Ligand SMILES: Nc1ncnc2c1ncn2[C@@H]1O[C@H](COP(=O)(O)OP(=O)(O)OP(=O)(O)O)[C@@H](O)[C@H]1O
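Just the one chain here, laid out as structure tokens, in the form predicted alone.
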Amino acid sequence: MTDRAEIIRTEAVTKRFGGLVAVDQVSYRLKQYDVAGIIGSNGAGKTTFFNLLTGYYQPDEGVIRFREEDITRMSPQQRVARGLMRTFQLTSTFDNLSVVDNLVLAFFRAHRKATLFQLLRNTRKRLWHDPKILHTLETFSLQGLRDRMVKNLSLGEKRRLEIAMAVLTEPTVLLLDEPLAGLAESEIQGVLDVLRMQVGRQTILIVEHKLSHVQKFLQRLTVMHEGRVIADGDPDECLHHPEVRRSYWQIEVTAGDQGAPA
């Protein structure tokens, strides 16, 4: 099998807030079509690291590369233009527009250059029937919701829409910040079904607290603690790593466990 291209690489990235070192000398690699997750307890540094990758923070030390290009000082918008698309914990939809108009807006902004006013005035209705819009509605099971105002959707429906909007822009890397946060059990499966359809089509990186739901979905896991990576690799091996058991699960580790693989 041909070795997959490296998409993201960080080199000894560090971020401080006053005297607090939130991310401490983190070196990380993500390859094309990886389905990877980052977990850690509160304060582990995972969200700060996510913000460094997406440009909302800039590191105090270290380098971030995207497809070998140094993007360390680039803005979030410049990173989106290169193919790094992030969804947020709170869905970033337009609540006073319909589902189909949200999709049209995402598509238009990604593939055509114009102002929001020009879009809504001139081309919005024509794009309702664009093949990509129709395919996205079908793929993400949004056909029955297409004309509904987003403010009237459930949180799970909004999360599906947000992921659909991100996928529609055809990013190289889809970065998901707690996509299951606040969802009922009945809604979680719908979101995971949506994500499974992207496996092998896009590189996916997830920060998620609900590990039990995404553990079987992930191909690779990174565990952070106090700003550092303490395990990285196969999810099952990572979860049984003695340092992960001690720091993340808060399980006492016996002397016989010390040699478990990283």
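When you see a residue number, it is the position in the sequence shown, counting from 1. Not measured: the values here are computed from a predicted model.
The same protein also exists as the form predicted in complex with the ligand; that form is not shown, yet it is the one meant from here on.
Partner proximity in the predicted complex, defined as non-hydrogen atoms within 4.5 angstroms of the ligand, places exactly one of 58 to 66, 196 to 204, 230 to 238, 34 to 42 at the interface: 34 to 42.
In the predicted complex, the ligand lies within 4.5 Å of some heavy atom of E178. Put simply, T54 is far from the ligand in the predicted complex: not one heavy atom of it is within 4.5 Å. Proximity of R29 to the ligand in the predicted complex falls outside the 4.5 Å heavy atom cutoff. In the predicted complex, the ligand sits within 4.5 Å of a heavy atom belonging to L20. Taking the ligand as it sits in the predicted complex, the stretch 201 to 215 comes within 4.5 angstroms of it through a non-hydrogen atom at just one residue, H209.
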